[in-house]
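Given next, in structure tokens, is a single chain: the form predicted alone.
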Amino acid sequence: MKVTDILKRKNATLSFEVFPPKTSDKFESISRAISDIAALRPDFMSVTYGAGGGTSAYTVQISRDIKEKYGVNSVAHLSCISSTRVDVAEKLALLRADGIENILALRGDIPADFAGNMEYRYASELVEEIKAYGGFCIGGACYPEGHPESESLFSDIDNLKRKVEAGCDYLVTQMFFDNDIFYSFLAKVRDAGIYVPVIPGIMPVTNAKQIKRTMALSNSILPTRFRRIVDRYGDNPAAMRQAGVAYATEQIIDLYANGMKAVHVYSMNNAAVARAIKDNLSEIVV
């Protein structure tokens, strides 16, 4: 089922992002985690696409397994920055053959060792190509605090509008830790004439090391009250996990209470954390 149809059918949806293994020897353990997350019966699961397409074959395989083996709707990520148009056409054909209806279209990060010519420079170019291919529900990424490469949040929203006009059916945000930042962003997006569904993305941060990586990748602001949680419980893994799940749960409940119909959770392949989030929402997401 297409993501846009899922959003129309339910007042509160919950989905999870998972990522493929980087090497074949990790495939079994990661597949087990993905199976455990699928057993939670989320409304859909998205599968990331490695930088430079290094795990792209696994992305297609796992997206197919989620749909066929576990009966859960799947979204395959597809990035284009170091891909050729032939590469993209081949991936689209594979996804079509496997019955995958949803694609999250991303520019992706430029690999450090990439020395070739870039046939794509912007995600909007990939969106146009998928739209022309036809038959897919197309998602795109957005950044409540602005893309790190953008001059300003407003210029980033201008670029986002071009991406939506190219054919994005819905958007998923980068992680954020202050819901007021998201609500402000959403108001600006609507004022700019972008009316497709915007799904907030939430990452449960459950250990102190993860926070440093998260900040480096996302450029997100950590609210003072979350910093205090880290300062108090960062050296106690069990307590930090519990506090991180509680903080993410509070964010999610607030989002639903303020009219959001969907939340996407960056699970980091941690089935126990995904299960704890789902359990905390047992009477809210039904």
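When you see a residue number, it is the position in the sequence shown, counting from 1. These figures come from a predicted structure and were not determined experimentally.
We do not show the form predicted together with a small molecule, though everything after this point is about it.
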### Query
Wondering, does E149 line up within 4.5 Å of the small molecule in the model of the complex on heavy atoms?
yes
### Contact label in the model of the complex: E119 to the small molecule, heavy atom within 4.5 Å
no
### Message
I'd like to know if V75 sits close to the small molecule in the model of the complex, meaning any non-hydrogen atom pair within 4.5 angstroms.
### Response
no
### Task
Considering only heavy atoms, tell me if T206 and the small molecule come within 4.5 Å of each other in the model of the complex.
no
### Message
So the small molecule isn't shown here. In the model of the complex, which residue out of I103, I211, I202, C142 has a non-hydrogen atom within 4.5 Å of it?
### Response
C142
### Message
Heavy atoms within 4.5 Å of the small molecule in the model of the complex: which stretch in 67-75, 87-95, 122-130, 181-189 meets that?
### Response
122-130
### Non-hydrogen atom within 4.5 Å of the small molecule in the model of the complex for each of S31, S35 and R241
no
